[in-house]
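Encoded as structure tokens, the following chain is the form predicted on its own, with no partner shown.
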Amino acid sequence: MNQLLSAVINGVATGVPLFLVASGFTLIYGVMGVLNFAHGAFFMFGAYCFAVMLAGQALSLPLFLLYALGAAAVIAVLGVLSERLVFARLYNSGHMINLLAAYALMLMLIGLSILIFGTTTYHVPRPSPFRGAVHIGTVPVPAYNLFVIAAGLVVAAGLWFLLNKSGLGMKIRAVAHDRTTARALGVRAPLVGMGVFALGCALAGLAGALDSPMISVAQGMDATFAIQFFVVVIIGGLGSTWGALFASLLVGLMESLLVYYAPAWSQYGMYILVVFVLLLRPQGLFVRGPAITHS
């Protein structure tokens, strides 16, 4: 029982960064119709920016959060530049052209990261209040994992409020549903699109910052993570924000449980999930509607 509890908590903590990246990807696709294949590179840039900001220091929690948000802000600016210089010119060119442009952007970002950060591997220390373990009953659980889970819940609640309860969310949904009609009603669709790109990329950057203390920050991490969040999008359903949340937790739990109970299969868990979903529900567990779905 103790092993199961530890596996579940670690699995949920693994799923949170996946949710942040996948929700940003889903948000951009749901509003702008762009399959941003470069999203894994934004995640890597966020991790690198955060690692360089910390410079190996174990910070207090407020400073740790401030630096994480700073890294997310840097990636948001990078996302806006990408949207204005690349995707804004291609919105009417079809998914294939946009996908090729995103792939080219990913290669450019990888090359830029090597120029800026080099090939050094960074190890990011956890914030000083969360460096040890917390005992839940008799089970020791890394305190940082609980912090990551709490951060994921806060971001999920913030996304729900933004998309469903705010004036900006109403404009986002309007542009996602019918951009032409939204513009006729006075919504500044290009500005909304730019903001959505900034938010989606900021989520990827934040995911990189929060995940960096649990992994090694190195070149190539974008490819590994890109596969994982694409799996999440396939399982949850393209365009469903809450499908991304459910699928991220499912993938994280599957991977963690296999590590504990069937280590030889741990690398194949998410692929097994994809096979079952594609066979039983190829559109994903959460069907995408005409706009962003919040089911």
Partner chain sequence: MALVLGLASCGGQDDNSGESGNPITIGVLGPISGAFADAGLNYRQGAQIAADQINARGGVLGRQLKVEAKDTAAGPQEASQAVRDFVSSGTNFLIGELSSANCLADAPLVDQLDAVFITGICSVEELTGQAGQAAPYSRTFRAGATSSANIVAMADAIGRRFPQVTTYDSFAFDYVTGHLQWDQYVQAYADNGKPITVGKDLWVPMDQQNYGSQISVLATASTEGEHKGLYIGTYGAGTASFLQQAEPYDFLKNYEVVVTPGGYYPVARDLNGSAPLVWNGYEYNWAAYDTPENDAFVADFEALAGKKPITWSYVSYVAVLAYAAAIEKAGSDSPADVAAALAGIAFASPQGEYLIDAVTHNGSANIVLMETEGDPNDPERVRMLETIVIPYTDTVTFNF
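Numbering follows the first chain given and starts at 1. Small disclaimer: the values here were computed from a predicted structure and weren't measured.
Below, we refer to the form predicted together with its partner chain, which is not included among the displayed structures.
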Checking Ala73, Ile149, Met214, Met194 against its partner chain in the predicted complex, the residue with a non-hydrogen atom inside 4.5 angstroms turns out to be Met214
Its partner chain in the predicted complex has a heavy atom of only one listed residue within 4.5 Å, and of Leu99, Leu153, Leu90, Ala133 that residue is Ala133
Can you tell me if Pro62 lies within 4.5 angstroms of its partner chain in the predicted complex, counting non-hydrogen atoms only?
no
Considering non-hydrogen atoms and a 4.5 Å limit, does its partner chain approach Leu69 in the predicted complex?
no
Might Trp242 be said to contact its partner chain in the predicted complex, defining contact as any heavy atom within 4.5 Å?
no
Classify Leu199 as contacting or not contacting its partner chain in the predicted complex by the rule of any non-hydrogen atom within 4.5 angstroms, answering yes or no.
no
Just one of 90-98, 200-208, 73-81, 112-120 has heavy atoms within 4.5 Å of its partner chain in the predicted complex; which?
112-120
With the partner left out here, which residues of 12-33 have a non-hydrogen atom within 4.5 Å of its partner chain in the predicted complex?
Thr14
